[in-house]
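Shown next as C-alpha coordinates: one chain only, the form predicted alone.
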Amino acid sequence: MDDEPRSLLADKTPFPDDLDARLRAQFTFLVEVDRLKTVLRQSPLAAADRRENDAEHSWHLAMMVAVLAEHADEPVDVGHTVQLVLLHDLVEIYAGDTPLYDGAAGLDQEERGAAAADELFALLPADQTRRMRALWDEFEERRTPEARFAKAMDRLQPLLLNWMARGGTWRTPGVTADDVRARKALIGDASGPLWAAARRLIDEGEARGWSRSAAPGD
(Lines give C-alpha, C1' and ligand atoms only; values in the text may rest on other atoms or scores of the structure.)
Protein backbone atom coordinates (compact mmCIF):
# COMPACT_ATOMS: atom_id res chain seq x y z
CA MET A 1 0.00 0.00 0.00
CA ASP A 2 1.28 3.46 -0.93
CA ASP A 3 1.77 5.53 2.23
CA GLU A 4 3.01 8.61 0.41
CA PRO A 5 0.98 11.75 1.19
CA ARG A 6 -1.49 12.59 -1.55
CA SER A 7 -0.60 15.58 -3.70
CA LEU A 8 -3.22 18.28 -3.15
CA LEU A 9 -4.46 20.72 -5.76
CA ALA A 10 -3.49 23.62 -3.50
CA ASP A 11 0.13 22.44 -3.62
CA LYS A 12 0.30 23.55 -7.25
CA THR A 13 -0.01 27.20 -6.24
CA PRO A 14 0.70 27.46 -2.51
CA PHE A 15 -1.10 30.10 -0.50
CA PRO A 16 1.00 32.91 1.03
CA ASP A 17 2.91 31.93 4.17
CA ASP A 18 1.29 34.66 6.23
CA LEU A 19 -2.27 33.55 5.50
CA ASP A 20 -4.33 32.78 8.61
CA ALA A 21 -3.87 29.08 9.42
CA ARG A 22 -7.60 28.34 9.73
CA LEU A 23 -8.34 30.04 6.42
CA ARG A 24 -5.43 28.21 4.81
CA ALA A 25 -6.96 24.86 5.83
CA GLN A 26 -10.42 25.90 4.67
CA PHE A 27 -9.14 27.23 1.34
CA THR A 28 -7.10 24.05 0.82
CA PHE A 29 -10.21 21.93 1.36
CA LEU A 30 -12.34 24.10 -0.91
CA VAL A 31 -9.77 23.91 -3.70
CA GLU A 32 -9.42 20.14 -3.26
CA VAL A 33 -13.16 19.53 -3.61
CA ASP A 34 -12.98 21.14 -7.05
CA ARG A 35 -11.99 17.60 -8.05
CA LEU A 36 -15.66 16.65 -7.67
CA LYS A 37 -16.30 18.30 -11.03
CA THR A 38 -14.13 15.64 -12.69
CA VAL A 39 -15.85 12.55 -11.20
CA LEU A 40 -18.18 11.20 -13.88
CA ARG A 41 -21.37 9.37 -13.01
CA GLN A 42 -23.35 6.96 -15.17
CA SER A 43 -26.48 9.12 -15.43
CA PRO A 44 -27.00 11.02 -18.69
CA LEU A 45 -27.80 14.72 -18.60
CA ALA A 46 -31.22 15.85 -19.76
CA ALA A 47 -29.79 19.03 -21.30
CA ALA A 48 -26.73 17.68 -23.15
CA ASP A 49 -25.44 14.49 -24.75
CA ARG A 50 -22.99 13.53 -22.01
CA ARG A 51 -22.87 12.03 -18.54
CA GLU A 52 -23.21 14.22 -15.47
CA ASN A 53 -20.43 14.74 -12.99
CA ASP A 54 -20.67 14.51 -9.21
CA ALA A 55 -20.71 18.27 -8.66
CA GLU A 56 -23.64 18.65 -11.04
CA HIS A 57 -25.40 15.79 -9.29
CA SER A 58 -24.90 17.35 -5.85
CA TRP A 59 -26.19 20.73 -7.05
CA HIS A 60 -29.24 19.07 -8.55
CA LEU A 61 -29.97 17.27 -5.28
CA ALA A 62 -29.79 20.56 -3.38
CA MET A 63 -32.29 22.07 -5.79
CA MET A 64 -34.55 19.04 -5.41
CA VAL A 65 -34.51 19.38 -1.62
CA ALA A 66 -35.54 23.02 -1.91
CA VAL A 67 -38.39 22.19 -4.29
CA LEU A 68 -39.65 18.83 -3.00
CA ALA A 69 -39.25 19.08 0.79
CA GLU A 70 -42.99 19.67 1.10
CA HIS A 71 -43.53 16.04 0.09
CA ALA A 72 -41.50 14.58 2.98
CA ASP A 73 -43.50 12.29 5.26
CA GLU A 74 -41.81 13.93 8.26
CA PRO A 75 -40.95 17.64 8.48
CA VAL A 76 -37.33 18.24 7.47
CA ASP A 77 -34.94 21.12 8.04
CA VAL A 78 -34.23 22.19 4.45
CA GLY A 79 -30.91 23.87 5.26
CA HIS A 80 -29.61 20.82 7.09
CA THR A 81 -30.78 18.49 4.32
CA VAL A 82 -29.06 20.64 1.70
CA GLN A 83 -25.81 20.30 3.65
CA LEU A 84 -26.20 16.53 3.59
CA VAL A 85 -26.71 16.30 -0.16
CA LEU A 86 -23.92 18.76 -0.95
CA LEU A 87 -21.26 16.77 0.89
CA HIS A 88 -22.50 13.17 0.56
CA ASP A 89 -20.54 12.47 -2.64
CA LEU A 90 -17.38 14.41 -1.77
CA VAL A 91 -15.73 11.13 -0.76
CA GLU A 92 -15.93 10.00 -4.39
CA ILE A 93 -13.10 12.45 -5.11
CA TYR A 94 -10.83 9.76 -3.68
CA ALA A 95 -13.09 6.68 -3.65
CA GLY A 96 -14.54 7.03 -7.14
CA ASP A 97 -18.17 6.66 -8.23
CA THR A 98 -19.90 3.33 -7.63
CA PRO A 99 -22.69 2.71 -10.16
CA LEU A 100 -25.97 1.76 -8.49
CA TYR A 101 -26.42 -1.40 -10.54
CA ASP A 102 -22.82 -2.65 -10.21
CA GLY A 103 -23.09 -5.20 -7.42
CA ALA A 104 -19.42 -6.17 -7.48
CA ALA A 105 -18.21 -2.59 -7.19
CA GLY A 106 -20.57 -2.03 -4.29
CA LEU A 107 -19.05 -4.74 -2.12
CA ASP A 108 -16.32 -2.49 -0.70
CA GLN A 109 -18.10 0.82 -1.27
CA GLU A 110 -18.64 1.48 2.43
CA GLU A 111 -15.00 0.80 3.28
CA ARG A 112 -13.69 2.97 0.44
CA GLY A 113 -16.06 5.78 1.33
CA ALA A 114 -15.12 5.80 5.01
CA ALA A 115 -11.41 5.87 4.22
CA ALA A 116 -11.92 8.72 1.77
CA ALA A 117 -14.00 10.65 4.32
CA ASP A 118 -11.23 10.30 6.90
CA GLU A 119 -8.66 11.65 4.47
CA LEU A 120 -10.65 14.44 2.84
CA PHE A 121 -12.37 15.98 5.86
CA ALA A 122 -9.06 15.95 7.77
CA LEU A 123 -7.95 18.83 5.55
CA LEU A 124 -10.30 21.10 7.49
CA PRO A 125 -9.79 22.60 10.96
CA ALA A 126 -10.49 19.98 13.63
CA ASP A 127 -13.94 21.27 14.59
CA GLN A 128 -15.09 21.30 10.97
CA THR A 129 -13.53 17.89 10.39
CA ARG A 130 -15.74 16.47 13.13
CA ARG A 131 -18.84 18.26 11.84
CA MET A 132 -18.38 17.25 8.20
CA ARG A 133 -17.70 13.65 9.15
CA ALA A 134 -20.78 13.61 11.39
CA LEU A 135 -22.91 14.92 8.52
CA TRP A 136 -21.50 12.31 6.14
CA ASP A 137 -22.16 9.54 8.67
CA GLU A 138 -25.70 10.85 9.21
CA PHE A 139 -26.40 10.62 5.48
CA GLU A 140 -24.96 7.12 5.20
CA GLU A 141 -26.85 5.81 8.23
CA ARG A 142 -30.17 7.53 7.37
CA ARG A 143 -30.88 7.93 11.07
CA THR A 144 -32.75 11.25 10.81
CA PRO A 145 -35.69 12.50 8.71
CA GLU A 146 -33.27 14.83 6.91
CA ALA A 147 -30.90 11.99 6.06
CA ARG A 148 -33.72 9.77 4.83
CA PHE A 149 -35.04 12.55 2.62
CA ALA A 150 -31.54 13.35 1.35
CA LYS A 151 -31.02 9.71 0.42
CA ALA A 152 -34.42 9.65 -1.28
CA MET A 153 -33.36 12.60 -3.44
CA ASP A 154 -30.14 10.74 -4.27
CA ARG A 155 -32.25 7.89 -5.67
CA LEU A 156 -34.91 10.05 -7.31
CA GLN A 157 -32.59 12.38 -9.24
CA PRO A 158 -31.04 9.71 -11.51
CA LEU A 159 -34.51 8.28 -12.07
CA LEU A 160 -35.65 11.60 -13.53
CA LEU A 161 -32.58 11.73 -15.78
CA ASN A 162 -33.11 8.14 -16.92
CA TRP A 163 -36.73 8.95 -17.70
CA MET A 164 -35.60 11.88 -19.85
CA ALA A 165 -33.06 9.62 -21.58
CA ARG A 166 -35.78 7.04 -22.26
CA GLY A 167 -33.98 4.44 -20.24
CA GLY A 168 -30.41 5.54 -19.56
CA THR A 169 -28.86 3.24 -16.98
CA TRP A 170 -32.09 1.24 -16.80
CA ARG A 171 -30.77 -0.40 -19.98
CA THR A 172 -27.66 -1.70 -18.20
CA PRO A 173 -27.17 -5.33 -19.28
CA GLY A 174 -28.80 -7.73 -16.83
CA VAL A 175 -30.83 -5.01 -15.08
CA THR A 176 -34.61 -5.38 -15.05
CA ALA A 177 -37.43 -3.03 -14.13
CA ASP A 178 -37.81 -5.02 -10.91
CA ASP A 179 -34.16 -4.29 -10.09
CA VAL A 180 -34.87 -0.59 -10.60
CA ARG A 181 -37.88 -0.77 -8.28
CA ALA A 182 -35.84 -2.57 -5.62
CA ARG A 183 -32.99 -0.06 -5.78
CA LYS A 184 -35.31 2.93 -5.65
CA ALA A 185 -37.66 1.62 -2.94
CA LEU A 186 -35.98 3.57 -0.14
CA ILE A 187 -37.54 6.71 -1.64
CA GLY A 188 -40.61 5.42 0.15
CA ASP A 189 -38.80 5.58 3.49
CA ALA A 190 -38.95 9.38 3.26
CA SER A 191 -41.92 10.20 1.07
CA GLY A 192 -44.97 8.18 0.12
CA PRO A 193 -46.05 10.64 -2.60
CA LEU A 194 -42.60 10.76 -4.23
CA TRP A 195 -42.29 6.97 -4.16
CA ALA A 196 -45.71 6.65 -5.79
CA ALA A 197 -44.60 9.07 -8.51
CA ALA A 198 -41.28 7.25 -8.94
CA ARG A 199 -43.06 3.90 -9.30
CA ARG A 200 -45.34 5.43 -11.92
CA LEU A 201 -42.32 6.49 -13.98
CA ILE A 202 -40.63 3.11 -13.59
CA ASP A 203 -43.81 1.28 -14.57
CA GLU A 204 -44.36 3.50 -17.60
CA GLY A 205 -40.72 3.14 -18.64
CA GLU A 206 -41.09 -0.63 -18.51
CA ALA A 207 -44.31 -0.45 -20.54
CA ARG A 208 -42.53 1.62 -23.19
CA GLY A 209 -39.64 -0.83 -23.38
CA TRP A 210 -37.09 1.47 -21.79
CA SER A 211 -36.21 -1.20 -19.21
CA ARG A 212 -36.21 -5.00 -19.38
CA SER A 213 -39.13 -6.88 -17.91
CA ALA A 214 -38.14 -9.95 -15.96
CA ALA A 215 -38.83 -13.14 -17.87
CA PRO A 216 -41.23 -15.63 -16.29
CA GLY A 217 -39.27 -17.65 -13.74
CA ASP A 218 -36.48 -15.05 -13.37
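For every residue, the number given is its place in the sequence shown, counted from 1. Keep in mind it's a predicted model, so treat the numbers as computed, not measured.
Here the subject shifts to the form predicted together with a further copy of the same chain, a form of this protein not shown in this document.
> State yes or no: in the model of the complex, is some non-hydrogen atom of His60 no more than 4.5 angstroms from a non-hydrogen atom of a further copy of the same chain?
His60 belongs to the contact set for a further copy of the same chain.
> Hey, in the model of the complex, does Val78 get a heavy atom within 4.5 angstroms of a further copy of the same chain?
Because a heavy atom of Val78 falls inside 4.5 Å of a further copy of the same chain in the model of the complex, the answer is yes.
> Is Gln128 a contact residue for a further copy of the same chain in the model of the complex, using a 4.5 Å heavy atom cut-off?
Yes - in the model of the complex, heavy atoms of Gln128 and a further copy of the same chain come within 4.5 Å of each other.
> Does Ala66 reach a further copy of the same chain in the model of the complex if we count a contact as any heavy atom within 4.5 Å?
Contact with a further copy of the same chain, yes.
> a further copy of the same chain is absent from this chain, but in the model of the complex, do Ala21, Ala117 and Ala185 each have a non-hydrogen atom within 4.5 Å of it?
Judged in the model of the complex, none of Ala21, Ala117 and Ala185 sits within 4.5 Å of a further copy of the same chain.
> Any residue of 39-62 with a heavy atom within 4.5 Å of a further copy of the same chain in the model of the complex counts; write them all down in order.
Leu45, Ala46, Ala47, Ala48, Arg50, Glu52, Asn53, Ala55, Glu56, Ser58, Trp59, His60, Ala62 sit within 4.5 Å of the partner.
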